[in-house]
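Heads up, the chain below is alone and in the form predicted alone; it's given as C-alpha cells.
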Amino acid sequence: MAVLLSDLRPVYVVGIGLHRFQRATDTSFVDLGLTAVRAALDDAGVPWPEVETAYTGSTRLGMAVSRPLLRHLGVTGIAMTQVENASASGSSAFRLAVRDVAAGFADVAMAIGVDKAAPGLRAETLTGISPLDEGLTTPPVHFALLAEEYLRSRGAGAEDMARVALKNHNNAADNPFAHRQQRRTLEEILADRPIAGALTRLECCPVGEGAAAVVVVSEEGMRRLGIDPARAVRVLSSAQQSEQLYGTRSYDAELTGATTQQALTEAGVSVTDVDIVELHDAFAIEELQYLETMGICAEGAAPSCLRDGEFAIGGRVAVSPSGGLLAMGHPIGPTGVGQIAEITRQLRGEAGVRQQPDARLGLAHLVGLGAVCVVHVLAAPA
C-alpha cells in the first residue's frame, strides 16, 4: 500500500515570505526571489546554512534558476532542484519539500516560487500532432465556454460569476502583496472590457511577476533550532493527481474533486471542517465549479452561497482571502507557494483585516496544464 504523509514524520511550515505579485518591471528575478527567501528565513528564525534542500518552482525563466538566485545567500552545497508543472509549479515544489522532510531526508527544506512575465512554450505544441481546434481554443475561450454551459445549466446569470471577481478583488485591496489592490463594484466588473464570452478583463487573472518562499521543518529541526511551535502550521496531507477519462463535464473540475477528496481523506478531516480555501481561480467561473466539486457546497449551489456571503471573510468558509489568482495575481511559478503563505498567515491568526475568525484548517488547490492537480491541507498550531 502507498505510504501516506500521516505515516511519516510531522512536517510544519515555520517561515513565509513574499515579494509582491505585480506587473512586469525591470526588477531581476534574483531580486524578486531573494526578497521572498530572506523574508521566509527571517520569519522562521532559521539561518540559511541550516536549509538542507530547496525546490524552486518556475516556468518562464529558462534552465537552472536556483543557482543564480540562491548563491547570494552563501555557497553551502545545498541540494537544489527546479520544478516546472505549469500553474501547479509552486504547489509541486512545496509538495517535494514537504515529502523530503516527512521521509527524513532533511530536517529543514525550502519551497520557492519565482517568475517574470514572458512568453511560455507549451510542449504539446511540439508533438507534431495538430490540434483539432487549430489552436483557437485558448484558455480564455475554454473557460468562457465552460462558463456558458455552467450558467445555462444552473439558471444563473453573468452577475453570479462576476460576484466571484467582486469578492476576490475586494479581498486583495487589503493585501499588500496583491497584484490588483483596487476595490471594485459589480457594475465595474460586468462593464469591463470583454475577453471571451461572458468573461471580462476583471474576471481573468493578471499574469505578471513575483516570488514566494516557505520554510518547512520536522519536529526535530524545530527543537534543534529553537523555533516557536506556537507559530508552526502543520501540513496534514499532500495529494497530487493527473486527469483521467471523464464524461462530458470539465476535466479540471472532475480532477479537482478527486484530488481534493484524496487530500481530505489522507488528512483525516471532512470538507465541512475547512475554514480557508485558496483555489485556482484564473477565470472567475472556476471558483463556482471547483467549490461544488470539492464538496464545499452542493451541486448548483455555489452562486447562491456566494450571494449570501458564505464564501466571504467572516462567512462559513473564506474562499481566496488573499484575493485569489484573480486579484492576488498569477505569476505562475510563485502562485502555489503564495497560497501556502496566505493559509499559514491565516492559521496563525496574523492576517489582519483579512483574518478569517477562528481559522483552524486550510486547503490549497491548483490545477496545471496537462492537466495535473495539487491539493494540500494545513492545520493551525495546536
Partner chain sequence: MPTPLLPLRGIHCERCGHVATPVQHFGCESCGAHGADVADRPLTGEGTVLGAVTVHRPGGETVRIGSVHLQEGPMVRALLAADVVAEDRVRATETDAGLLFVRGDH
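Numbering follows the first chain given and starts at 1. In this text the structure is predicted, and so the values were computed from the model without any measurement.
The same protein has a further form, the form predicted together with its partner chain, not shown here; the description that follows concerns it.
Student: Would you point out which of 157-165, 195-203, 265-273, 226-234 contains residues with a non-hydrogen atom within 4.5 Å of its partner chain in the predicted complex?
Tutor: Careful reading of the contacts points to 195-203.
Student: Can you work out whether residue 131 and its partner chain are in contact in the predicted complex, taking contact to mean some heavy atom pair no more than 4.5 Å apart?
Tutor: Yes, residue 131 sits close enough to its partner chain in the predicted complex that at least one of its heavy atoms falls within 4.5 Å.
Student: Can you check whether residue 142 is within 4.5 Å of its partner chain in the predicted complex, heavy atom basis?
Tutor: Within the cut-off, so yes.
Student: Answer for residue 148 alone: is it within 4.5 Å of its partner chain in the predicted complex, judged on heavy atom distances?
Tutor: Close contact exists here: in the predicted complex, residue 148 approaches its partner chain to within 4.5 Å, heavy atoms only.
Student: So, in the predicted complex, is residue 245 in contact with its partner chain at a 4.5 angstroms heavy atom limit?
Tutor: Residue-level check for residue 245: yes, a contact with its partner chain.
Student: Which of 81, 182, 304, 137 has a heavy atom within 4.5 Å of its partner chain in the predicted complex?
Tutor: Here the answer is residue option 137.
Student: For the stretch 322-352, I need every residue with any heavy atom inside 4.5 Å of its partner chain in the predicted complex, listed N to C.
Tutor: Sequence-ordered list is empty.
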